[in-house]
Each structure stands twice: as C-alpha cells, then as structure tokens.
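The chain below stands alone, shown as structure tokens; this is the form predicted alone.
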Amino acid sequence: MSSEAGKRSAADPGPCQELAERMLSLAMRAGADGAEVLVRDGAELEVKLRMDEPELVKEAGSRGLGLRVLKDERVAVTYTSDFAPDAMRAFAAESVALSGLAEPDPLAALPDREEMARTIPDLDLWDESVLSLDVAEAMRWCRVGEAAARKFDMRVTNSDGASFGRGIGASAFASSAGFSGAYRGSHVSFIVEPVCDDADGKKRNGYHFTSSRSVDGLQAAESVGIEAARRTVAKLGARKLDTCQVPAVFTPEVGRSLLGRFAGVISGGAVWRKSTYLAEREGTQVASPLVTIVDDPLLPRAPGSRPYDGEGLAARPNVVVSEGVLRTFLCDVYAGRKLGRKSTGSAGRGLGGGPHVSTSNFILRPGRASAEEIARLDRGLLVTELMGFGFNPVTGDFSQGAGGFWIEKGERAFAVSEITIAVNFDDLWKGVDAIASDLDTRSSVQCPTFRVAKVTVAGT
C-alpha cells in the first residue's frame, strides 16, 4: 500500500466500525455473555533535524483490535492485528476460553443498556489538510524553526534539534450492551530545543512548542524558534537561592504538570483503592475559592475531546472542583460500582487493556488578570520548569526540583536553578491567591498562570 493510500485508509472510520461489529458478532457466537471491541487505525510521521542535518525520519501505520469478553462473570482482555476471517474466528473462541482462567468479578459486568450513548456529536477533530503534510514539508518546518532559534542570539551555540510530528487516525468501539460508533481525528505538533553555553561552562537548554488538531492552528515555525531561543537565553547566569518561604507563580507549562497530578488524585479508581489523600474529602474545601476545575470532552477541536468514552457511554462535562469545593470524583463503570454510584462517562482504554478512569480536557478555569499582573511581587519566585519526581498521592506531600526566575520589586531579577520546591498539595491548592487569563490549550491538561501564596524553596 502506498504512503498516501495508507493515510487515506487510517482516516476512514467506516472500515474500523465494520471490523469492530464483525468481531463483536464472532465473540458472542463463540459463547461470550458480553463483549466489547475497540479498533484503532492510524498513521504517523515524525521528522527531526539537528544543526541543519536530518536526524530522524519515521513514517508508520498501524491497525489493531482489542477485545474484552465476559463469561460467567469472568473477564478476558486480548489483542490482535490479524484480521483474516479464520484468524478472527479462532481469536474470538480463544478469548472466550481464556476468560475461564480468571477469577469471577460481578462488578466487571458491562454497563447497563440505558447508560450507552445514543448520539455521536461532531467535535471537529479532523483536518483534511493534515494529509498533505509530507516529509519535505516537515523538514522545511524544522529548518526554518531551528535557523530562527540559532540566529536569535549568538549565545545559542548548539541545538537538541527541531521536531515535527503529524498523526491521523480512526477509532471504533462496539459493545453488546448496545453501542456502536466511530470517529476520526488529526494532530500536528512542532518543537524547537536550543542550547546555550553559560559563562561557567554549563549548558542551558530550553524549548517551545506548538500543537493543534489542524494545520492552521499551529504557530509559525519561525516564531516557535525565536520563542524557544528567548526562553533558553533567559536562563543564562542562573543562580541558586538561600532557603526561604515565598510566594510562587507557576507558568502554564509548570501548572499543567501540577494539574495533571491533581487529576490522578480525583480518580474514582484511586478513591476505592485508598491511594489518594482526597478519598474522604468529597463536598469539602480542597482548594482556594478561586479554583474551578472541569473535565470537558466536548470542546470542539480540543486535544482531549471525544464523543463517547471508553465504554460507549456519552461523553459529558464534569465539574470536579467548583470554587474550591470537591464536587465529584471521575469514575468509569467499575469505579462507580465500587463507590456505589454511576459512571461519570470518564472511561479510557487502550487496545491491550480494559477500561480505566481517564480525563479528557482537564482544565483549570482561567481568571481575569494578566500573567504579568500576578507576577508583580515584591519578593518571590516565578517557576518555569519542574524536574524529577516527588509526589505522594496518599499524603499529598510534594517536593520537586525546579528552575525559574527570582522576582524583586515586581521585576525578574535573575534566573534561578538547582532549587527544590516543597509544599503539601492540599496547602498548594488552598494557597492559590491569583489566577491569570492566559489559558494554555495546547494539550489535554490545560492551565493558566497561577500564584500560590507560600511555598518552601530549598536552596543553599
């Protein structure tokens, strides 16, 4: 199959849905009491250039099918990429037989029929022009972006490269609980990663990226390169700090990391496993009254949008935190049954696994002030990067390496590196005293700049 034909095939959800329905029928005929089938067909292109020389060109396509069968309250989850008729029949029979080796689990039953999605909204997740992005065009983006970064400042002496990626795909899901649906999506991204030499011989690296469902949603290659270089050069001369307690302003990139960790502790799966410090906190204050967090899968063109969840339930927005109060945990059907409640339509799944709780577009609602306004501190820290791991979801204790800028009298005084930020997650979110309007929508975890009244900064 030609590259162009492969792209067209991956962009068509019709064959995926037909394949899912065929496998569902085979599984039921093989003796399953219930079954779910997920089919994904995709194609991707990745190109990387470093110091104006091509370093990677990768173009690939894949199609796979995941099957979950239930028999006598026992579950088996299997995967195949062999779609020959005889192979599919054998696969269905083997999957049903495999379920006999599992322990019974009544809560693992399929959703009730009345819970299944009845319509599939069009969320505008597909851009036809993505199909025209070939290796030559991807390489052009990389050359323009890296050249702009290297020209920005003579102190940009090296590069970790510029990378352009394009992905397209179709997904279909069919369930014996009474659902069959399919949709397609596209995604493009571009990143530039310059390197500077500091006066003490240390290398300072930085990056900037753009991503979108559509080609016209991307920032221009030259402007990405310039912003990447600006951010990297700004790190030159970075110093350590004396240990102190000060206000901290978190940029959207860093805030996204913190918000992503919060997504893990409001999962119904974490609640019933008692692996979150919020397990008994529903209906109580868990953050500042300024904080409202939603999970919204129905935003047009957004990175994490989906018309239905991983179990065929209708996707819907969920308000997780409203004015600081924890309103709900996100649940798939299994977590909901464990907690004695209904699913919030928050199931995700991969081809080789069963359903699990997931987020879609997980968003900290922006405020009205500008990022510059909330960073005007007499004395404090602007955090622009976090490094390493240091979060305990059971206790909420958080400690992580960081870098950024020291603020004096409302201005950036100097770059900061080799520090550690420590704060309990409960205190962090309750300590939010300002949220900016600059919501970053480039990824499925979306965050504006926000400020926390006090964190401990460990330095020299």
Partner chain sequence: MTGSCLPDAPYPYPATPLDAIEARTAERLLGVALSSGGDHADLFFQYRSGGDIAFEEGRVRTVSRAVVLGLGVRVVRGDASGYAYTEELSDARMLDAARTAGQVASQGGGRSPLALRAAALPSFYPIAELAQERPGEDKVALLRRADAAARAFDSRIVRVEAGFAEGWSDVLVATSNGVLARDRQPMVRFGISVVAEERGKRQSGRSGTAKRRGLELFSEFGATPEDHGREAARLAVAMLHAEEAPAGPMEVVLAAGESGILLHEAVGHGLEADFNRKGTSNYSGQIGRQVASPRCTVVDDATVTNARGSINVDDEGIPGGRNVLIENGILVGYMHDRISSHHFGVKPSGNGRRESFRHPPLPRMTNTILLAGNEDPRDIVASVGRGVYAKRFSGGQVNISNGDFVFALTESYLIENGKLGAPLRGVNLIGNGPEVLRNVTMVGHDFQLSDGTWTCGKDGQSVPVGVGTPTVKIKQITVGGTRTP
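Residue numbers count along the first chain shown, from 1. On a predicted model such as this, the values are computed, not experimentally measured, just so you know.
What comes next is about the form predicted together with the partner chain, which is not displayed.
In the model of the complex, none of the heavy atoms of D72 sits within 4.5 Å of a heavy atom of the partner chain.
Under a 4.5 angstroms non-hydrogen atom cutoff, the partner chain in the model of the complex lacks A415 among its neighbouring residues. Remark: M387 counts among the residues lining the partner chain in the model of the complex, judged by a heavy atom distance of 4.5 Å or less. Contact annotation: G61 falls within 4.5 Å of the partner chain in the model of the complex, judged by heavy atom distances. Taken together, the three residues D52, S322 and E373 all stay farther than 4.5 Å from the partner chain in the model of the complex, as judged by their closest heavy atom. With the partner chain omitted here, the record of contacts in the model of the complex names 394-402 of 394-402, 429-437, 407-415, 31-39, defined by a heavy atom within 4.5 Å. Contact with the partner chain in the model of the complex, defined as a heavy atom within 4.5 Å, holds for exactly one of R316, H187, R230, K338, namely K338.
Between the options W126, Y79, Y207, F152, the residue in contact with the partner chain in the model of the complex by a heavy atom within 4.5 angstroms is Y79.
Residues N158, S159, D160 of 136-160 are found to place at least one heavy atom within 4.5 Å of the partner chain in the model of the complex.
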